[in-house]
Each structure stands twice: as structure tokens, then as C-alpha cells.
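Each of the two blocks below gives one form of the same protein chain as C-alpha cells; they are labelled structure 1 and structure 2.
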Structure 1
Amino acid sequence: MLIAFQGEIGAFSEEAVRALVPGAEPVPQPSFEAVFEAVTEARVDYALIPIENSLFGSVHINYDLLEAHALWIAGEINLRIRHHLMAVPGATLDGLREVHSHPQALGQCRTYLRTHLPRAQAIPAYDTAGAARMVARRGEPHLAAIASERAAAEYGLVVLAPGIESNHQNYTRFLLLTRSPEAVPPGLPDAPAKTSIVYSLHHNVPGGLFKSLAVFALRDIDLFKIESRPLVGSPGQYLFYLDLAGAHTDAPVQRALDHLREISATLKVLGSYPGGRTVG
């Protein structure tokens, strides 16, 4: 079973693929667009995409790609993003002079670096897994990378200090995409418990958002996520992203969605799927 993801071997997305569908083969892709193409054109069985991070927000571009492709959300997983300091075997903390990683990772580990490695220079790289690979290739003991545990294992590096990020509340939520609601990989919990939708309202309806949420509140349907996104070039127009409790085939959810269709300009159901575990 092939699952496409964006990034290199050792990236956090690859870790998420392995945690969600053990035994699947992660297939690296250079961009999110390439991930969507690979699954749409059936070169892989599924795709895994990040949809939101607890520090860096929703990945709107993946919502756009979900709207543009006829794919279905079949599962989700929350992965804790832990940053480890790693170097070649034999390297010591005292000997480190350069720490390579993605600027976000360097920023998140700034307090550790200032306190423990004041003489090491932080050098930005374009991704964490790539920094680990470079440190392994060069093989010099004064070089370190900040990356995932998986990257250390993949490139034969040793972790000198685990979990050095200041904010431990760093989680990324990933979605598993299929070409049809029927094609769900074995091993996922059966019953869909969540539904994701995207909708827009007719222009200039006062209190439109409030009314659209009433279709769920009046039926006691819980919401897990709500987000407005301005439609560029259409001032005052928004897309709304909603995650709600229940499957789209449950009677109350079905009635709420019918009701929402009456009052919205557009509505797309992106998928119903089991609520995801948190790992890492």
C-alpha cells in the first residue's frame, strides 16, 4: 500500500504515515500539488496531508486542493512535533559549532541553544530532514541538526538532546485522503465520528454566519472547528471551514446539512471519518 506525502524521508509527514497506517510505504513528493496528483492519478493508494498545526495554523492551500480534487477524507491523526538535537556518532555537545535546521525549528529551540550551546551558530536549512541528511553526509563532529527522531534513525545520527523545543504544545493534524469513500485502508476504526465541510454564504446577508451555525446548534450537533477565510478579491465574502460531530449519513447531520444548503451559496462535504489518535 503506497501513501504519498510532501517532504523527504525523515520528515514529520512520513512519521505520521507510519503511525496512521503501519506497514504502508510512504512515497515522498516535492509539493502538496504533487501529492494530490499522485493519488488522483492512482499512482499511489492514499495521500496524507497536514491540515493544521497548533502553532502555525491551518494549511489553507490544502483546503484549496481538497476543493479542486474529487478526493475524500478517510482518516486523521495528530502528531506531536518533537525536535531533537542530533549529530554523527562520537560527537559531543561541547564540540558542536554549527546547528542546522529549518528556521521554524531553530526559533522553537532558541532558548535551549542560547543556554546550552552559546558558541554554536544556528544555520537555517530548507527542511529539518534535509539538515539531518546533510550533517550525516558531511560526517563532521562539530555539526548538528535539529530534526525528528525518525530522521536520526534514517540517517544514522545519534540524538544528543531530545525534545529541546521551548513550547511542547506543538502538534500537527494530518488527513488521510482516498479516491472514494469506500476505499478506506484496513486498520482504521470503523465508525466515522466527524464530518468536515466547507461552505460560503450569499453576499451581504446580515448575521449570515450566526444563522448558518444555528442549523447545528438547534440540533445539538457539536462543532470541533470553525474558521472563516476571506475570499481574496471579494471583500466581505468568506469561506467557512467546519468540523462537526457525526457522520454525514447520520439523520440529524443529514438534516442539518440540508438546512445549511438552503441558506448557503456553496457547500461541499469533504469527508466523514473516525476521530484521530494523538501520537508522539
Structure 2
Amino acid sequence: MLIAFQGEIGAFSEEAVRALVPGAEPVPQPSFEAVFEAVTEARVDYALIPIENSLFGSVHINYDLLEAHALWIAGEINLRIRHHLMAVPGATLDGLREVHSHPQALGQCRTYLRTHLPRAQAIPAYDTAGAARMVARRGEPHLAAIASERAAAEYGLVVLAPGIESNHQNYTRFLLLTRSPEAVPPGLPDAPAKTSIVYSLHHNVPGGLFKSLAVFALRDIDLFKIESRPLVGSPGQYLFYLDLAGAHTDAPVQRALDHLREISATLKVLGSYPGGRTVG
């Protein structure tokens, strides 16, 4: 079973793959676009993507890619993220001048960087583990990376400061994607179902957003999250992403979605899946 993820070996996404589907083979990809393409083109069986972090918010590019691709959300997992500052053996905190990592990781550790490494430049990289690999390959003691403990071990780096995230309640939610609702891997948690949708409203309809949310309130359906993204090519209009309680096949949810179709311009069900467990 092949599962694509963005980044290098040692990335938090790889850790999430192994936690959600034990025994699967994680397949590194250089970008989120490449992850979606790999599963869409059937070069892998599934994909795992981060969708939001408890400290730094949503991964907006993945919301846009979910809307653009015909994939199905089959599962989720919440992973505790522990960021470690690492460098080559012999490096010291006082000697660091550059800290490389993914922009999300840099944002999650900005308090530590500002307080303890004010002279070091924070430099974005495409991946936490990729930053660790680069630091190991260059072998320069003024360079550091922020990545996982596994990445430090994988690339022979020394952890100079463990757990440097600004808040230790640091969790990232990952979504498992597949090409078909029927192609769900065995062994996923048996938990109450969640459904994710994306929709757009007719332009300039007074109270349109309120009415769209009311279709769920009228049927006592809980909403977990709402996210808005600009509708490309239509300035001032938006796509709305909702996570709600229940499967799309449940009668109350079906009626709510039928009602929503009547008052929305577009509607797409992104998936129904078991609520994910938290690990780490």
C-alpha cells in the first residue's frame, strides 16, 4: 500500500502516514501539487495531506487543491507536533546564523527564535525534513534546521533544543485521500462519521451565508469548522468549506445537502470519514 506525502523521509507527514495506516509505504513527493497528482494518476494508492495546525491555522493551498481534484477524503488523524532545533555535531546555539524549516514550522516556533536566536535568520524551506537533510549535507556549524526527532536521527544531526514550539498544544490534522469512496484502507478507526463539503453561493443574495448554514441548524447537525477561500476568477466571491457531523448518506445530512443545493451555486461533497484519533 503506497501513500504519498509532501516532504522527505523524517517529515511529520511521514510520521502521520505510519500512525494512521501501519504497514503502508510512505512515498515522498516534492510539493502538495505532486502529492495530489500522484494519487490522481494512480501512481500511489492514497495520499496524506496536512489541512490545519492548532497554532498556525489552515494549510490554504490544500483547501484549494481539494476543490480542484476529484478525490475523496477517507480518513483523518491528529498528530502532536514536537519541533526540535538541530545542527551538525559540534554546532552551538551561539554560533547559529541561519535556521531553515517549512514556513509553518518557523511560524510555530517564532517565539523561541525571537527570544533565543535573535541574530539568526529564519529561512523558509519546502519541508522540515528536507531542511534537516540540507543542513546535514552542507555540514556548516552556523546552519540549523527545525524538524522532527526522527529527522535528526535520519540525517545524523544533533538536537540543540527540543520542543521549541511556541505552545505545546501543537497538533496538525491530516486528511487521507483516495480516488474512490469504495477504496478505503482497512483498519481505520470506527468513530462517528464526519463529512466535508465545499460550496459557493449565488452572487449578491442577501443573507446567503446565513441561509446556507441554517440548513444544518434546522436539522440539529453540528458544524465543526467553516473555512472560506476566494473563488478564482470571481472577485468578491468565495468558496466555503464545511466540516459537519454525520455521513453524507445519513437521512438528516442528505436532506440538509439537498436543501443547500437549492440555494447554492455549486456544491461538492469532499468525503465522509471516521473522526480521527489523536496520537503523540
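We call the rigid core the largest set of C-alpha positions that still match within 1.5 Å between the two forms. None of these values were measured; they are calculated from a predicted model. Every residue number counts along structure 1's sequence, beginning with 1.
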Completion exercise
Only one structure is the form predicted in complex with a further copy of the same chain, namely structure 1
Problem - Exceeds or equals 2 Å, Cα of Glu140 between the two structures, core fit - result: yes
Practice task
Compare the position of the CA of Thr111 between the two structures after a rigid core fit and state whether the shift reaches 2 Å.
Solution key: yes
Problem - Angle through which the smaller rigid unit swings between the two structures, given in whole degrees - result: 26
Problem - Core-referenced Cα shift (Å), Ser234, between the two structures - result: 3.8
